[in-house]
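Starting off, we have a lone chain in the form predicted on its own, written out as structure tokens.
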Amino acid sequence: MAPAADAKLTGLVAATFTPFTTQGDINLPVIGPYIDYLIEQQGVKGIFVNGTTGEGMSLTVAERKVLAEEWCQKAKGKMDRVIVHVGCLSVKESQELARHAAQIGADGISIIAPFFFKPKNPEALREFMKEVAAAAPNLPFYYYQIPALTGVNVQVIDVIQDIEQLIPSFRGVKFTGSDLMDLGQCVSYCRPEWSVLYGVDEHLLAGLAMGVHGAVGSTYNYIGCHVNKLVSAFENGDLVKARTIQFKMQELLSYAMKLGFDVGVNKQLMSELSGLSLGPPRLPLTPCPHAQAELISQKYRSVFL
């Protein structure tokens, strides 16, 4: 049975950080309070776990299973949607994680393109996706395009054309890139039950203007409450307000990027702003100096508060 057509994914989805202890082990007790924080403080009720922000490719398969199960258990009855990223370099490991996601009650799965031996064309990528999706045929399946990290630069429109014939469970794309022509073609081609979710937080308003149905991003962990106002303003036709919020996001992120913004810095920033103890990133990422995160925190407060 294919996923129900009325389960369209929309709105803001936080790409969650993975909590670690100071020793670098996964820190499960933080996940419950993390979910409560997203709901109560940010108004965000969708999460994308074990992805880029969650350092998923730096985790073992066993760790990814434990984390996915904890996110799903703690989110049950609270979150609207938990999407589990199951992408691996090995199709067999991706299938293993997909089957596990189905067993633990995830609301969907997603994969990035394998990036060591890369698919040489859209057809090869589609075949890889097909094999993974088939391992959990009842779960909505989303392709996660992030060429800046994978180096796989195939046009998404070439990947998704007629894909429902190959992958009946296909339900959309997490589009993390700046090619607005490709994005627009995806939106134009999109089937009614599919979702195109934009993944470049600082360009969200452009994505909304192109017709995306929602967004997945790391900054929605701590500025989701403001971005929800941006989305509402856009939907109500108040472009001045929407632009004002987008420009504030850009001011914050531009400042952070000049200080060397990466997942490690972003994770520490989340800890500073939320009060959650998320721990350090995992090597090869390196910890962010407290002083650097505090400067970005101060910038956040000057921009948004």
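Throughout, we count residues from 1 along the sequence that is shown. Given the structure is predicted, the values throughout are model-derived calculations rather than measurements.
From this point on, the text means the form predicted in complex with another copy of the chain, which you will not see here.
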Heavy atom within 4.5 Å of another copy of the chain in the model of the complex: which of Glu164, Glu193, Asp80, Glu202 fits that? Just give me the one. Glu202
If the cut-off is 4.5 angstroms on heavy atoms, which of these, Ala102, Ala209, Ala134, Cys225, is the one near another copy of the chain in the model of the complex? Ala209
Taking any heavy atom pair closer than or equal to 4.5 Å as contact, tell me whether Asn138 reaches another copy of the chain in the model of the complex. no
Give a yes/no on whether Ala291 approaches another copy of the chain to within 4.5 Å in the model of the complex, heavy atoms considered. no
Is Gly214 close to another copy of the chain in the model of the complex, meaning a heavy atom pair under 4.5 Å apart or at it? no
Is there a heavy atom of Ile160 no more than 4.5 Å from a heavy atom of another copy of the chain in the model of the complex? no
Which one of these stretches, 166-174, 217-225, 71-79, 117-125, sits within 4.5 Å of another copy of the chain in the model of the complex when only heavy atoms are counted? 117-125
Using a 4.5 Å cut-off on any heavy atom, which residues of 32-61 would contact another copy of the chain in the model of the complex? Thr52, Glu55, Met57, Ser58, Leu59, Thr60, Val61
